[in-house]
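Heads up, the chain below is alone and in the form predicted alone; it's given as structure tokens.
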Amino acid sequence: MSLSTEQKVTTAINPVPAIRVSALNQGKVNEQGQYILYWMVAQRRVSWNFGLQRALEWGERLKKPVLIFEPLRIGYKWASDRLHTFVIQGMKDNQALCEEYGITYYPYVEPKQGAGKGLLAQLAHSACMIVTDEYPCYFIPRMVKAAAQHCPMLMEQVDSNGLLPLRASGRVFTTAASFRRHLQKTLLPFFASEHFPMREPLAAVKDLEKAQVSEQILENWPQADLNHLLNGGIQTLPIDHEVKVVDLETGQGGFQAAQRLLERFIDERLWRYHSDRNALESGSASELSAHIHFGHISVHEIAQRAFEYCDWHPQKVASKPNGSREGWWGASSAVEAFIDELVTWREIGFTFGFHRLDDYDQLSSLPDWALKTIAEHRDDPKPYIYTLESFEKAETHDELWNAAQRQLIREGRIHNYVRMLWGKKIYEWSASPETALEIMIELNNKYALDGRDPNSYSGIFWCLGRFDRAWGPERPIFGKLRYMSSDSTMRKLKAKNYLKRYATAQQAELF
């Protein structure tokens, strides 16, 4: 694999590896269609994107232009100013880049519930075929499956989720160590250049004919006025206006914001990632999780930049897969720690969601040992029991937990280590395991910019035993689930300033 960021611009589109492409229906290609339709629903970017690359590949094959259609629904659960704004900021970046490259981009933001009904079908009517994104979480799998069933022409989904293709995982992995060992056995071939997405696929088709959207479609479903929406227009939409936009650099969505965060991480933080990632005051986290979740940046690009940083190449890996967190890559300690988070811990959640799509968000998906210990201790007396409302308003007896909840509400994130404590304590202080899970999912998905994601569900379910092991000694309430205390977390993280920063509720920001 070439690790140069200046990837050569070719005159043709590289074929997308077959393992990343799957047909959603039995439809045929309509060669009389006017364009290839790329329905952008998860990988919301125009660079390093296998889905867009596949659409351009079809366009080159059929000598047809590509239409990029990026919609944003009103009716998704937890729709809010925070999430809508983040996505629309990304749409604005995509629009500018598509104008630069001369490709047709059609952004649509639904103005009211159901207003977008029928739009995809109308666009498909003039299409040769449809390409969309594969994403093993949230409402997207159901949505694309339903659309494919009503589509008369071929619809494909393309996996741009991680370095390891979803279909190369083979099975569910129950621990990070077992998945890490699998990665060490299988991942290296996917570092070949043909298994990396093109850096700028639109550069290869810059001079092709532009796709045309009919006047009737544009009249019935006008393109989104993104500037208007970002300058107050979003307040007219029927979404949750109480969950405010995050007024921080990390709360700004889009390709450009993601690139700035990546550059800062590589230049200022990566070198100390292994030692400072969990520090509260001088943490070295990348802060890219929300941008990865919304598809504003590719994990392939992030990994490549990290490997360039330490002049890594595949020949440096150890010969024997041993599942170790350190040493196998043959990279610096900082890069190895970062790649373990980016690939091992992130992608184990994606493979889990892929293989357990029906219940990845339910207690039934937990390992047998966790279900057993939860059942044995479900009636243990609780020192405190709080409702969703009390948790949401950060009205518990625990200063550190309240600080974490306030950070989530204000910033759309919680510090990595504190987030684990946050989940553990919800489990300890809820009326039942089922209630605890509902509260964790509700608060996380409502407020966290990186929520509603396989990796985010991994964090929630880790608190209940997923990807972990049984721990001793057995404790009340937790049984053999790993226990965490606020006192030990306070000592470990030196959280005095963290508590001060999030000590009091800012009611105007909360509700």
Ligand SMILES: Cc1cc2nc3c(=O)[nH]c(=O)nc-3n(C[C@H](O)[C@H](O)[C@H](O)COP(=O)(O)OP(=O)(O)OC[C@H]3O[C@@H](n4cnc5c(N)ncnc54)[C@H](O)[C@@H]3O)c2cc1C
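Computed from a predicted model, the values in this text were never measured in an experiment. The numbering used is simple: start at 1 and walk along the sequence shown.
Form predicted together with the named molecule: not shown, discussed below.
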Here the chain appears without its partner; judged in the predicted complex, the stretch of 282 to 290, 96 to 104, 146 to 154, 175 to 183 with heavy atoms within 4.5 Å of the named molecule is 282 to 290
With the partner left out here, if you bring back the named molecule in the predicted complex, are 338, 422 and 444 all within 4.5 Å of it by some heavy atom?
-> yes
In the predicted complex, residue 277 touching the named molecule (heavy atom, 4.5 Å) = yes
Does any heavy atom of residue 229 come within 4.5 Å of a heavy atom of the named molecule in the predicted complex?
-> no
Quick one: is residue 273 in contact with the named molecule in the predicted complex, heavy atoms, 4.5 Å cut-off?
-> yes
According to a 4.5 angstroms non-hydrogen atom cut-off, is residue 345 in contact with the named molecule in the predicted complex?
-> yes
Looking at 223, 396, 122, 416, which is the one with a non-hydrogen atom within 4.5 Å of the named molecule in the predicted complex?
-> 416
Any residue of 125 to 142 with a heavy atom within 4.5 Å of the named molecule in the predicted complex counts; write them all down in order.
-> none
